[in-house]
Ligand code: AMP
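Take a look at this one chain, the form predicted alone, written out in structure tokens.
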Amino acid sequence: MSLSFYNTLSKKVEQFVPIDPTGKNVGLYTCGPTVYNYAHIGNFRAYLFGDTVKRALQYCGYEVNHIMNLTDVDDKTIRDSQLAGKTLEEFTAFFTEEFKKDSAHLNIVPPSRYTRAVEHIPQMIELIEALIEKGYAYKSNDGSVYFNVRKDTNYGQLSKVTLANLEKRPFGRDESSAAGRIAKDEYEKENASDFALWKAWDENDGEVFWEPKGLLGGRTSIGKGRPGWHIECSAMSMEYLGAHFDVHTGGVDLIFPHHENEIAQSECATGEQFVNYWLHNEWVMVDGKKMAKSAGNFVTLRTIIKKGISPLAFRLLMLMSHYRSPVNFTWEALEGAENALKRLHSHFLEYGGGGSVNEKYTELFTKNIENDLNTPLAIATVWDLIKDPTIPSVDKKVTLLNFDAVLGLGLAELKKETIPVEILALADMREQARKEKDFDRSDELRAEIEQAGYTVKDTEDGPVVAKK
């Protein structure tokens, strides 16, 4: 079996075949954060997914050039930097660093390159000019530039949104009204409308603008303003991965309009297919609703850490569900994942070194990963390996390290913690009290253990003692 993914573009699982004729190199683009606030764990599901895709590709022998954008100029960053009384640069730099810290806590491998939108304005201008020259974009009366979706006969190929609702709208490069246009960076309705490539400056933008005349050493008809959100990703991905690359990842909320618009403007500008494989992860839900800042139902990684829960427990929780299935977040589920993580770490630390990778379980694990990243079954394989009495512990350790190249649960960095013998003795006494159903004594012993600075958690494999 070989690596396969569910391709949102074709709506089916496809065998992965890289563009590179040598079959070794893969271009991967992940839509990164808009750095106007702390990313919440719903956002981080998408970044964990992109990390898992990259790890899986590398596990299967590919060299991956991974690009992740940082949206540091858009409606939100401008609005909130002004509210904070800070420059755009100062405001976005802070949240960029906080995002990188959170990513490190989750053991997300940094991309080959982070790309900041404000550092790629020339590339965006060049792309916009190509679209104007080819007749796919037009200037409005206020000087903004819009992409004309009706000129793109393939519009809707990713999301299946149709152009039927445009039939009665004015059409042409010199439209006198704003009918059929959307100036906002984000819009949720499945509304196929002309979208902004370049936004003419207005007083709401304050000091945030560029004057692109002569920016590329030549002439341009584009005036003072700033880029729209969609053009940013097209320009940055093509700058480092080329006009046609392998894999693009993101959350399902980006399929429309963002990714649909990326495809439209990129393919109309270059005449080439933009991306071969579009991979999308489902939402993190809270009480049946999508986790979102706008809904006020979000949780950040900081909250998880303050509760004393390892960020890697959240990573494991996401791996325990298939990326194409929604996850309903509860604290109980996260605590369950933390208990499982501690059991895994405890088993790993008990194993000695010097073994060999077990072929049987490696074959099972690899098969699950290659089958559209079936991480729930891959995790099940981990536990089957741990429970198998026929496999030497030294072989289990090496095999688990091999699996962790994909799972990213931090096994290689683990150091065995020495629990004082008197604390272990208390834990044994407490376990005996529990077996004898002397729960008052059991609670007293738990309190004594915790007063000494340790925790004890009951698992199916017995009590697990750890330092607070």
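From 1 onward, residues are counted along the sequence shown. What you see is a predicted model, and the numbers here were worked out from it, not measured in a lab.
Omitted here: the form predicted together with the ligand. The next part is about that form.
So which stretch, 121 to 129, 85 to 93, 147 to 155, 275 to 283, is the one near the ligand in the model of the complex (non-hydrogen atoms, 4.5 Å)?
Flagged stretch: 275 to 283.
Within 4.5 Å, heavy atoms only, which of 406, 68, 46, 26 is in contact with the ligand in the model of the complex? That would be 46.
Checklist entry - Given that the partner is absent here, does residue 50 sit within 4.5 Å of the ligand in the model of the complex, heavy atoms only? => result No.
Report task. Report yes if any heavy atom of residue 257 sits within 4.5 Å of a heavy atom of the ligand in the model of the complex; otherwise report no. Result -> Although the ligand is absent here, residue 257 would stay clear of it in the model of the complex, with no heavy atoms inside 4.5 Å.
Worksheet entry | is_contact(residue 55, the ligand) in the model of the complex, heavy atom dist at most 4.5 Å | Result no; residue 55 lies far from the ligand in the model of the complex.
Taking heavy atoms only, is residue 251 within 4.5 angstroms of the ligand in the model of the complex?
Taking the distances in the model of the complex, the answer for residue 251 is yes, it comes within 4.5 Å of the ligand.
(request) Using the arrangement in the model of the complex, list in sequence order the residues of 377 to 404 with any heavy atom within 4.5 angstroms of the ligand. (result) Heavy-atom contacts to the ligand in the model of the complex: nothing from 377 to 404.
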